[in-house]
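Encoded as structure tokens, the following chain is the form predicted on its own, with no partner shown.
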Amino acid sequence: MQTNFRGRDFISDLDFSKEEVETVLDVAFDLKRKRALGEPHPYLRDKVLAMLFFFTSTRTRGSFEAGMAQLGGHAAFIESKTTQISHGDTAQEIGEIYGRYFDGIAIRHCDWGVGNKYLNEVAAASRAPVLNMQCDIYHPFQILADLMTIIEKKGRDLRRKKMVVSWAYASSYQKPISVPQSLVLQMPRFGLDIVLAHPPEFRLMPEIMDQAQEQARKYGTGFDVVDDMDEAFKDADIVYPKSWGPLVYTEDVEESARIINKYKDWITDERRMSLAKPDAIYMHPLPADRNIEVTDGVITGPNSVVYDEAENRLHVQKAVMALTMS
């Protein structure tokens, strides 16, 4: 077990070593047990977390707020539009000032080319740890919850298990690229063979791909990239199909919409799920575009673990907060 967490930022998935992630998961499982038994665990009594949002949220806000309350502390919800950030407060000033007011600063900022840079600028100026609730490059807490869920469903020995990270069609908006990027960075470290599937225009950032392939080499796991959703799903143990925008290919909104509409057949339906193993689990961070990105029959079906996955956001976030903010 690793113990050197106090005061540390968690912005990129690789900020914590594999052994440190294992410690986070150990703590998360213990906190989940305590929650189930009704055992108080006020490890952050009198501590306050600032939650600064530049992007809408359902699960992230709810789980961080509930988590801080269960740890005995308080979470302050701050919508960026209600601050003076648009009138001149810089990232450095937010870091300097909020780092003195609060015991931790959690930020969600998904604007392409802006969010991650903003988090790092705040962190550089803050005396309190900065936690990434999702940026344009990474979504580390979601992936910790995903990993916890996979371990619950498939056991701790994940070697030679096939996990598909696939693009899927969605019509609502150009979704961030951070979830697939964080998945391919974190999951190879735990023995999973990754198959990344997407149309050509939906490639991930080259530097992230280089890091992901390096993790796969380091831990002796498979890492393949294909452009066929059916091929990817064959004999999979875990499928994680999710929409994201063609942001690396183009930043033009109209061109992006045209590209996305070329691939409406990239939907997770019962036929496609039948290509995976019978006990394969279907994962999604939510919200999903129902009957466009995934059919109702799949997302509410027996292979779906999306609600367990959403619950585990609470437990992994509590673990990281308890470790870094105590």
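Just so it is clear, the model here is predicted, and its values are computed rather than measured. In case it trips you up, residue 1 is the first one in the sequence shown, and so on.
Keep in mind that the form predicted together with phosphoric acid mono(formamide)ester (CP) is not shown, yet the notes after this line are about it.
- Tell me, out of I259, I292, V48, L286, which residue has a non-hydrogen atom within 4.5 angstroms of phosphoric acid mono(formamide)ester (CP) in the predicted complex. Only one listed residue qualifies here, and that residue is L286.
- in the predicted complex, which of the listed residues (Q181, Q142, S243, N132) lies with a heavy atom within 4.5 Å of phosphoric acid mono(formamide)ester (CP)? Spelling it out, the residue with a heavy atom inside the cut-off is Q142.
- H315 within 4.5 Å of phosphoric acid mono(formamide)ester (CP) in the predicted complex, heavy atoms: Answer no; every heavy atom of H315 is more than 4.5 Å from phosphoric acid mono(formamide)ester (CP) in the predicted complex.
- Item | 4.5 Å heavy atom contact, S57 to phosphoric acid mono(formamide)ester (CP) in the predicted complex | Contact with phosphoric acid mono(formamide)ester (CP), yes.
- Query: Within a 4.5 Å heavy atom cut-off, is R108 in contact with phosphoric acid mono(formamide)ester (CP) in the predicted complex?
  - Reply: Result yes; R108 sits at the interface with phosphoric acid mono(formamide)ester (CP) in the predicted complex.
- Listed range touching phosphoric acid mono(formamide)ester (CP), judged in the predicted complex by heavy atoms within 4.5 Å, from 22-30, 36-44, 272-280, 59-67: Heavy-atom contact with the partner occurs in 59-67.
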